[in-house]
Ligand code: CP
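Shown next as structure tokens: one chain only, the form predicted alone.
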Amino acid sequence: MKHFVHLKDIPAKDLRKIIIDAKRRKKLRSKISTLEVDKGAPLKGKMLIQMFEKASSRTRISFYMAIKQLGGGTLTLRSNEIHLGQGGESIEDTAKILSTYGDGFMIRTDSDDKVEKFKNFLSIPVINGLSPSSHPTQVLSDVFTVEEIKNKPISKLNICWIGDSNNVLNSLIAASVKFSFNLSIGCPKNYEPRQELRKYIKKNNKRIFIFNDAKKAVKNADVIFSDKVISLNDKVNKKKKVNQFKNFKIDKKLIKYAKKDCIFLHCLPRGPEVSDEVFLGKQSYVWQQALNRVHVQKSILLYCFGKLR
């Protein structure tokens, strides 16, 4: 049994194996309808239980499609619909019940502690669909998308992140270590990665650079990543934060400092951090990026269920 909680905890060879499998599976589905099951139905009879404590569009739909295409089924829960942490039922008790009913558990939550508790108490694999410190399924899919579009290993590319230091960036930093690619981070000084994460960078990789100037960060970039400056549950002065990022808006003027064939990716939903001209332009591959989550999450499920070839 293997969990998929944080990229930093998963061997690089396993992450590469997942991407290779996803590439093969996507190719095989080029002429197959959405809910037609993959040949061999590798997860036939298996059920994935999903629980959402935070709003979700792409994670919810993509995991539903992923398990269905593998021949399995899914049950979606909301924490306020069950006895989780209420009525005297502990997370440990809930975990034991979930382990009895399902074969795997995907959680999207506002608590890293909750993910760890489920990991400790479940006897089935747990997948982190998003937590405050990590978004591993998103970022592994993004690595897949970059290599698909650029047709070369990500290790040979210059990757740039423009935006807040959030859970997506945390996982992108871990991916930079695992896949050995250059990562330039552009953000205001008050929004740089936490000290704990900077220690991780220093210990594991010296190919990650932090700039407080967006132009310097995007210089020679092959790929520019971004995310919404104001997250769904961001408890800050939103007007003030948006103003602090005004010099980090990704527009045509900024992208000119990157390579001519630079591409733009964004995990959505979007905000004022990117112009419509860029987001909807020819250098943007955000829709392909979103669709690829299905293919990569299928291979993540196979990895967790011990079925990855």
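Please read all numbers here as calculations on a predicted model, not as lab measurements. Each residue number is its position in the shown sequence, starting from 1.
If you look for the form predicted together with the named molecule, you will not find it shown, but the lines that follow are about it.
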Honest question, do Arg108, His135 and Arg293 all end up within 4.5 Å of the named molecule in the predicted complex by heavy atom distance? yes
Just one of Cys267, Met65, Ile263, Leu254 has a heavy atom within 4.5 Å of the named molecule in the predicted complex. Which one? Cys267
Would you kindly say which of Gln69, Ser284, Thr59, Gln50 lies with a heavy atom within 4.5 Å of the named molecule in the predicted complex? Thr59
Per contact check vs the named molecule in the predicted complex (non-hydrogen atom within 4.5 angstroms), the hit among 267-275, 26-34, 243-251, 40-48 is 267-275
Even though the named molecule is not shown here, does Ala55 get within 4.5 Å of it in the predicted complex, heavy atoms only? yes
